[in-house]
Each structure stands twice: as C-alpha cells, then as structure tokens.
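Two forms, one protein chain; structure tokens for each follow separately as structure 1 and structure 2.
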Structure 1
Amino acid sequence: MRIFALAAIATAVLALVFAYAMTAWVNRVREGSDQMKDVAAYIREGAMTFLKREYRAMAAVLVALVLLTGFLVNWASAILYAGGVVLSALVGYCGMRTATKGNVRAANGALSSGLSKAFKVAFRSGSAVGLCVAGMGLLGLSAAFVAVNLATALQCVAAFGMGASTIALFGRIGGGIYTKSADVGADLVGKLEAGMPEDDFRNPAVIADHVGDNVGDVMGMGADLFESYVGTIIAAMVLAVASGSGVGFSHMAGVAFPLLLAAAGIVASMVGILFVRSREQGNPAQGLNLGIYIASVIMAVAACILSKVLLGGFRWAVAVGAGLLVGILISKITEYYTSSDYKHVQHIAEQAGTGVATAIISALGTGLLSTVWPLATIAIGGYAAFQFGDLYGIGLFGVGLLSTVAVTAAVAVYGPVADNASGIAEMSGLPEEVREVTEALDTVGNKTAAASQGFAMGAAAMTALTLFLAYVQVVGIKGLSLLNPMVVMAIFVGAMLPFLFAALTVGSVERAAKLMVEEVRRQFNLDEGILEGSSQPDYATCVDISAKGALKEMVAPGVMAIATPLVVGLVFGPEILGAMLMGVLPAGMLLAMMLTNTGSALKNAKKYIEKGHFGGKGSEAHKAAVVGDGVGDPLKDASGPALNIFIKCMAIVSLVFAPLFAAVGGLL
C-alpha cells in the first residue's frame, strides 16, 4: 500500500509544482496602469481580509470539532480532521491569491496583446486553483496511508473529508451570502436607483461585488469541489473493504485503486490543461471544452489499464467510465436548460416581453424540469456501475466523476477571474476595444459557470450518495424497516431539512443585502460628489458590511448542518439517522438543482436580451429580465450551492461518527 500512496504523493506534488509554475507565470504578467493596480489591490485586499476573518470566525467550531472527534471517535481521526481543515483552507487561500492576481493581469493582457493573452492569463489562474484542489486533496489522503497502516488509515480517513467539509460548508454559505449581499446592494441602489451601468467605479458596492465573485466562485466553488473530490475517494475506499471480500482482489488493491485513479486523473488533467488555448478570433469556450474532453479520454484509458493491472479485470473501469461520462452529461444537460443557445432560456427571454411574472414562472418551470435528466443519468449510471462493480462500483462511479477535477475546477475558476478582469477594465476606463475583449472572456465565463455549477451539483450528489452507502456499511444496517413508522417519519423529516436550510440561507442573504442597500444609499445621500464622480465612494465600508453580514449569517445554517446528524445519530440511533439521510439527500440535491438552474436560466435570459433579442437593452423585456435576474441571483449563487455542501456535510459527519452511533445504538 505504502508504495502506491507514495506514488500518489509524488503525483500530487507534481500537480502542486505545476500549479506553482502557473501562478509564477501569471505573476510575471504586468499589472498595467496605476489605476488598474489600485482597483485590483482593493479587490485583493478585500478578498484576503475576508478569508482571514472567516477562518478566524470558524476557529471555535473547528476546535470544538477536533475535540469532539478526538473524544468521541479517536485522536488519529482528530488529527486527520485538522489536516483536512488545514489543506482545504490552504486551497482557499492559494486560490483567492491566484485569482485576485490573475484578474488584473488578464485585463492588462487584453490591453497589451489581445484576447489570446488575456484568455491564457485567466485560464492559467484557474488551472493553478484546479491543480491545487486536486493536488492538496490527493496529498492529504495519501499521506494518511503512508503515516499509518491500512486498517488504521481506513478508520480515520473519513475525518479528513469532514475537515474539508467544514471549511466548504462555511466557505459556501459565507461566500454565497457575501457575494449576493454585495451584488444586490450594487444592483439595486447603484444600477436601478442611480441608473449607473454595471461595474461603475462610482458605485460604493462595486468593489465588494468583485470581492464577492472571488469569495463565492473561487473559494466557495474550490472548497466545494475539494470536498467532493476527497469525499468520493474516501467513500470508494470504505466500500472497497465492505464489498471487496468476494470480488477477487485484496482490500489493499481496492483501497489503492481510487488513489491511483486520482493520481491518473491529475496527469490527465494536466495534459488537458495544456491543450486549452484560444486563437485571437476563436471561441474560447471550445478551448475549455477540449481540455475537459482530452482529460476524460486519457482518464478512461488510464482507468482501463489500472483496473486490469491492479484488480485483474476491466469491469471496474466501466464504473469509472460511467462516472466520467455522467459528469460530462450533467454539465451538458445543465447547459441545455440554462444557456441562451437553447430553447428554454430563449423562451424565458420571450416571456419577459409579456412581463416579469411570466418570465419568472417560465424560469421556475425550467428549473423544475432541469432536475429530471441529471437525476436519471445518475440513476442509470449508478445502476450500470453496480452491475459491473457491486457497491464498490458505485464508489468508483463517484471517483470517476471527480477524477478530472483539476481541469473542471480550472474551467470553473476561469469564470470569476474573467468576470473580475472585465470589471477592472471597466472601472479603470480602459479603451472600448479592450473592454470588448474582456467582455468576450466574461461571456464565456458566464456560459461555463452554469455548466460548472451543474457539474458541482452532480459531484455533490454522488459524493453524498457514496458517503451514505459507506455509512450504511460502517454502521451495518441492512435496510430501512418500513414496519417501523419512525423510519418513515425520519425520511419525511429528512426531506424537509433542505427546505429549512434553503429558507435560512435565503433569509440570510436578504438581511445582509438590506444592510448593504442602506449603506450605499447612505453614501449617496452624504456626498453628492460620489454620483458626480468627483469624490471617491467609501468602498471599504461596503466590503466590511458584506463580510460582517456573511460571517454573522453563516453560523445558523452551518451549525445546523453539522449538529443535526450528530444529535439524531446519538439520540435515535444509526438506522433512524440513515433514514433521515435518505430523505435529506434526494430532496437536497433536487432543490439545489432547481434553485440554481432557475437562477442561471434567468441570468442568461437577461444576457440574451442584452445581445439585442426581443428589444435588447432598455426594452420592457430587458427590464423584466433584470428583475428576474434579481430573483435568480441569490438562488443560484447562495442557496443552491450551499445545499450541495449541506447534503455532503450531513453524510460525512454521519460517516465519521458512525462507530459511535453504532456503539450507543440510540439514547431513545
């Protein structure tokens, strides 16, 4: 085992070196004019400050969980939990640093040499983050298997995932609240009331808005994918041992396989990343997709080889391949329902011509409908994976889906960097033709954003599902007794929890946004020079308000996600907890998809109209679509993504404390 773990570590280190090289390359690009530097510095400072404040705010919860894990499970788990926390936090830190350095350099790349260079800077920034996600994840997991023996490592490794989960939980919730409060403040007062265009430097909330993109879409998304990545590997390992006895390979091989798949995925992703480029007149979106496709093909081949060599047959590779395929399919399906290239978003845009209400109803219908095929592909893929590889096959299905996370995360993080670049170009008053370039980059980013969200949701669902299956194995429940109505009630109550969680996050965004709205209004009233452009607005206070709001509002939903499985598992025992999870998972996944895709569809319907359809900018349809976007925004950037982590967090907390629950058997 140790030799495999060492090989995985070597690959992880390679990924981190590669990431460092990317960052170094980005850093060597010049920042541009003093004004650009200033704007970028505001954003970077705001982002890094928030990160530090968030980590500090979480400290108490983290320490409590270390102690809880130590006393209730064992101290090796507590150490691994801390490791998961630290590495995930490091991913967040590096990611934010890279993204907030890449943004201004991408803008300057557009200024100094054009689309190709700007795209390269933005994508390399994203790639550094993507490789960091995969590298840190694999490094941490493999290190556990080098440090202690197989049996001990297996017992504790779930705690590493819980560490990743805690950071992701608060990162996604806090990030979502941050970005949306800033966004709503900037849009509602700056754009609607004062009639400013997007990214106007006179808007006091504009810096907070850009910080928010980093906080939500870089840190939040990165932590989310990091958690899914390590979570699926951990689940596959546990399932290998659970179902590995009768399937012709050793526990060791079964545990090593996911690690080596992950290592292969990193190599495949690096190759894919190198293939991503955009010609001066080309379509950058094609370049991004090409990278993902190349990585997937290489990964599929590698899975076949590893499966044959390590486990003695190809059938395990089928499960991995199913995961790869389903990952791509879910992204594509999400794109179909949320991109203006297809009929649903175009229909919403058309309905906006009739009024706000019809557009929103239409988008809600689309959001509801968009859940169907992702669910179906997961069910069909999962069934195939089970046929070929038993329960372990479902674990491998999840690993396959996430194996190329480095490149998918790279594409996801490209988006906010490009968005920031476009904003910096605007705020620094760069020439029209440069802003056209950065806007083109941003458009691609908006397009990939929905697909990336789709991927992240599918990944979260598979992570939660495989962790749940692992939990079932560890606590040794064979099934949910339907003769016990407590079980049925637990499923019902479980299904309700995502609704409660979503309600809490919606309320949080609302309250935080209100403070921001008031602050922006206050600044406009206090100093008329701001609107005239003669005096500078107080960006820092807005940044501070977003941060304070996010930190305060993330506590309740965050604690709910961690405490619920703990309390239910202890009080009602492992079977009732399992039943509750069986309610939480599907409802949470579906609600996340519905809310997120409704929001994305509304956003892209607005963009579609802005391109000149149905009357274009300033038309009645456009006004309606702007309102629709305002409804969709908190759904797609705060509540929806936070639900991803909610379901994963509940599953992993259950898995970590499973031995305790099984031993206690329920206090009631």
Structure 2
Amino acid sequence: MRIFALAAIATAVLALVFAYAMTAWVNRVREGSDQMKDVAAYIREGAMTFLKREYRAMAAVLVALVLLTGFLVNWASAILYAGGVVLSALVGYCGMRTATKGNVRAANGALSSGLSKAFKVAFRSGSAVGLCVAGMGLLGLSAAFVAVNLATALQCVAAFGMGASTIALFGRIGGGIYTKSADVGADLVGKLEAGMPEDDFRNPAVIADHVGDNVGDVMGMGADLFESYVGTIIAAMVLAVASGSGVGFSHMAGVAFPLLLAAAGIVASMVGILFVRSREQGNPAQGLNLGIYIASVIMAVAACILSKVLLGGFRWAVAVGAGLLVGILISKITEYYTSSDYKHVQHIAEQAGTGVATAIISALGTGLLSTVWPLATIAIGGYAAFQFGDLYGIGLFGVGLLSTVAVTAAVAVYGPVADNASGIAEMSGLPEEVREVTEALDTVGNKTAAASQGFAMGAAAMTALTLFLAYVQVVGIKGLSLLNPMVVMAIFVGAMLPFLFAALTVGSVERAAKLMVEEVRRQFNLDEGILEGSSQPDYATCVDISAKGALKEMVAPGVMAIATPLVVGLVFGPEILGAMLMGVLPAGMLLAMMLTNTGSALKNAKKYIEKGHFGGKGSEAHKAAVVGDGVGDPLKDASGPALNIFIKCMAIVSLVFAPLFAAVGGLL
C-alpha cells in the first residue's frame, strides 16, 4: 500500500509545483496604473484581513473538536483531524492570495493586450487554486497511509475529512454572509436609490462587494470542493473494505484504487488546463469547456487501465466513467436553467417588465424545475455504478465525479477573478473598450459560476451519499423498519433540518445586509461630495460591517451541523442517527439546488437586461431585476452553497464517531 501512497504523494507534489508555476507566471504580469494598484490593494487587504479574522474566530471550535475526537475516538484521529484543518485552511489562504493578485493583472492584461491575455491571467489564477485543492487533498490522504499501517489509517482517515469539513462549513457560511450583505447593500442603495452603475467607485459598499466575491466564491468554493474531494476518496476506501464487495481483488487494491484514480485525475487536469486558451475574437467559454472535456477523456482511459491492472477487470471503470459523465451533465443542466443564453432566464427577464413579483415567481418556478433532471441524472448514474460495482461502485462513482476537480475548480475560480477585474477596470476609469473586454470575461464567469455551483451540488450529494453508506457499513445497520415510529420521526426531523439551516443563513444575511444599507445611506446623507465624486467614501467601515456580521452570524448554523449528529448518535443510537441522515440527504440536496439555481437565474436575468434587452439599464424591468437579484443573492451564495457543506458535515461527523455510537448504543 505504501508504494501506491508514495506514487500519489509524488503526483500531489507535482500538482503543487504546477500551481506555484501558475502563480509565479501571474505575479510576473504588471499590475497597471497606481489607481488600479490602489483599488486592488483595498480588495486584497479586506479579503486577507477577513480570512485571518475568520480563522481566529474558528480556533476555539477547532481546538474543542481536536480534544473531543482525541478523547472519544482516538488520538491518531485527532491528529488527522488537525491535518485536515491545516491543509484546508492553507487552500483557502493560497487561493485568496492568488485570486486577489490575479484580478488587477487580468484588468491590466485587458488594457495592454486585449481579451486573450486577460483571459489567460484569470484562468491561470483559477488553475493555481484548483491544483492546490487537488494537490493538498491527495497529499494529506496519501501521507496518512505512509505514516501508519493500512488498518489504522482506514480507522482514522475519516477524521482528516472532518477537519476539511469544519473549515469548509464555517468558510462557506461566513463567506456567504459576508459577500451577500455587501452585495445587497451596494445594489439596493447604490443602484436603485442613487442610480449608480455597477462597480461605481462612489458606492461605499463596492470594495466590500469585491472582497466578498473572493471570500465567498474563492475561499468558500475551494473549501467546498476540497471537502468533497477528500470525502469521496475516504468513503470509497471504507466501502472497499467494509461493504465486503472486494471479491476478486484484495482489500489493499480496493483501497489503493481511489488514491491512484485521484492521482490520474490530477495529471489529466493538468493536461486539460494546458489546452485552455481563447483567441482575441474567440469565445472564452469554449476554451474552458475544452479543458474539462480533455481532462475527462484522459481520466476515463486512465480509469480503464487502473481498473484492469489493480482490480482485474473493466467493470469498476464503468462506475468511475458514470461519475465523470454525471459531473459534466449536471453542470450543463444547471447552465441550461441559469444562463441567459437559454429560455428560462430570458423569460424571467421578460417577466421583470411587469414587476418584481412576476420576476421572482418565474425564478422560483425555474428553481423548482431545475432540481428534476440533476436528481434523475444522479439516480441513473448511481444505479449503473451499483450494478457494475455494488456499494464500492457507488463510492467509485463519487470519486469519478470529482477526479478532475483541479480543472473544474479552476473554471469556478476564474469567475470571481474576472468579476473583480471588471470592477477594477470600472473603478479605475479605464477606457470603454477595456471595460467591454473585462465585462465579456465577467459574462462568461457568471455562466461558469452557475454551472460550477451545479457541479458542487452534485459533488456534495454524492459525497454525502457515499459517506452515509460508509457509516451504515461501519456501524452494521442491516435495515431500517418504517414500522418503527422512532425511525419515521427521525427521517422527518432529518428532512426538516436543511430548512432550519437555510432559515438561519438567510436570516443572517438579512440582518447583516440591513446594517450595510443603513451605512451606505448614512454616508450619502452626511457627505454630498460622495455622490458628486469629490469625496471618497469610507470603504473600510463597510468592509468591517460585512466582516463583523459574517463572524457573528456563522456560529449558530456551524455549531448546529456539528452538534446535531453527535447528540442524536449518543442519545438515540446509531440506527436513529442513520434514519435522520436518510432525511437530511435528499431534502438538503434538493433544497440546495432549488435555492442556488433560483438565485443564479435571477442574477443572470438582471445581466441579460443590462445587455440592452427589455429596456436595458435604468428601465423599469432593470429596476425590478435588481430587486430580484437582491432576493436571489442570499439564496445562491449563502444558503444554497452552505447546504452542500451541511449535508456532508453531518455525514462525516457521523462516520468519524460511528465506533463511539455503536459502543454506547444510545442513552435512551
């Protein structure tokens, strides 16, 4: 096993070296004028300051969980938990630094060389983050198998995933609250009340808005995908042994297979990244799609080879291939329901012409409808994986879906970098032709962001499902009877929990956004020179409001996700906890999809109108769409994405403490 783990470590190190090379290339690009540097410095300082404050705020919870894991499980698990925390935090830190350096350089690339250079800078910034996600995840997991023997590693490695989950949970919640409180305040007062354009330097909340893009869409998305990535690999390893499906190959081969698949996925992603480019008059979206397709094809071939060599047949590769295909399909389905290129978003934009209510009603219908095909796709793909590989096949299905996460994360992070570049171009007063280039990149970024959210939701669903199956195998649940009233009530309670969690996060954004709206209005009322452009707004106060609101409001939802499975498992036993998870997983997945896609559709309907449709900027339809976007903001960037982490966190906490729950058997 150690030889396979060492091979995986070598690949992970290669990914990190590649990420460093991408970062170094981006750093060599000029930042531009002094004004551009100043705007970028505001954004960078706000983002890094918040990240440090968030990590400090989480410290007490993290230390408590290390001690709890050590005393209640074992100290090897506690050490691995700490390792997951550290590596996930490093991913967030490196991602934030890279993105906040790439944004201004992408803007200057548009100024000096045009679309091709700006696109290259934005995508290479995203690539560095994506490679960090995959490299750090595979490095941590592989190192565990080198440091200890196979049996001990399998018993404890789930704690590494729980460490990643903890950082992702608070990062997604805090980042979502931060970015949406700033965005809502900037839009409702700046756009609607003051009639300002997007990213106007006179808007006091504009810097906080751009800081939020990095906090939510770079750090939050990176942590989300990092957690899914390591979680699926861990679950597949556990299922390789615990499910008893390893007939025909050794348990060691079954455990090594997911590690080597992840290593092959990194190599495939690096090749795909190298193929991504855009001509000056080309469509950047085509280049991004090409990178994903090339990586997926290479990964499918590698899965066939590894399956034959390690496991003695090709049927296991079918499960991996099903995951690869489903990941692509979910992204495309999500894009269909949330992109302005298609009829659903265009219809929402048209409905905005008759008012806010009709636009929001139309978006809600679209959001509800958008859950059908992704769920059907996952169900069909999962069934095929089960037919070819039993429960282990479902684990491989999840690994396949996330195997090319490096290039997928690169595309996801490209979006906020391009968005920031567009904002920097606007606030720095760059020529109109430059802003047209950055806005074109931002438009593509909005589409990829929505598609990436779809991928993240599908990944979260599969990660949670595979972790749940691993939990069931570890505690030895043979079946749950619906004639047992406790089981039925646990399922209902589980289905309710995602709604409670979403309510807490939406309420958090509402309270933080209210403070932001009041602050922006206060600054406009006290200093008329701000609107005239003769006085500079107080950006720092708005940044501080978002930061304080996020840090305060993230605690209750975060603690709820961690404490609930612990309490239920200890008090009611492992079977009732399993029943509760059965309710949490489907309800959480569907609610996350509905909320995220509704918000994304509202945002892109606004963008569609701003291109000149249905009256364009300043029209009644545009004003209605701005309000609709404000309603959708907390759904698509706070509650929806945070639910991804919620369902995964519940599952992996249950898996880590499963031996304790089985030993106690429930206090009632």
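These figures come from a predicted structure and were not determined experimentally. Basically, rigid core = biggest C-alpha set you can superpose within 1.5 Å across the two forms. The first residue in the sequence of structure 1 is number 1, and each one after it adds one.
Trainee: Does the form predicted in complex with another copy of the chain correspond to structure 1 or to structure 2?
Mentor: Only structure 1 matches the form predicted in complex with another copy of the chain.
Trainee: Can a Cα shift of no less than 2 Å be assigned to Gly382 between structures 1 and 2, given superposition on the rigid core?
Mentor: After core superposition, the C-alpha of Gly382 moves less than 2 Å between structures 1 and 2.
Trainee: Comparing between structures 1 and 2 on the rigid core, is the C-alpha shift at Thr354 2 Å or larger?
Mentor: It does, since the Thr354 C-alpha is displaced 2 Å or more between structures 1 and 2 after the core fit.
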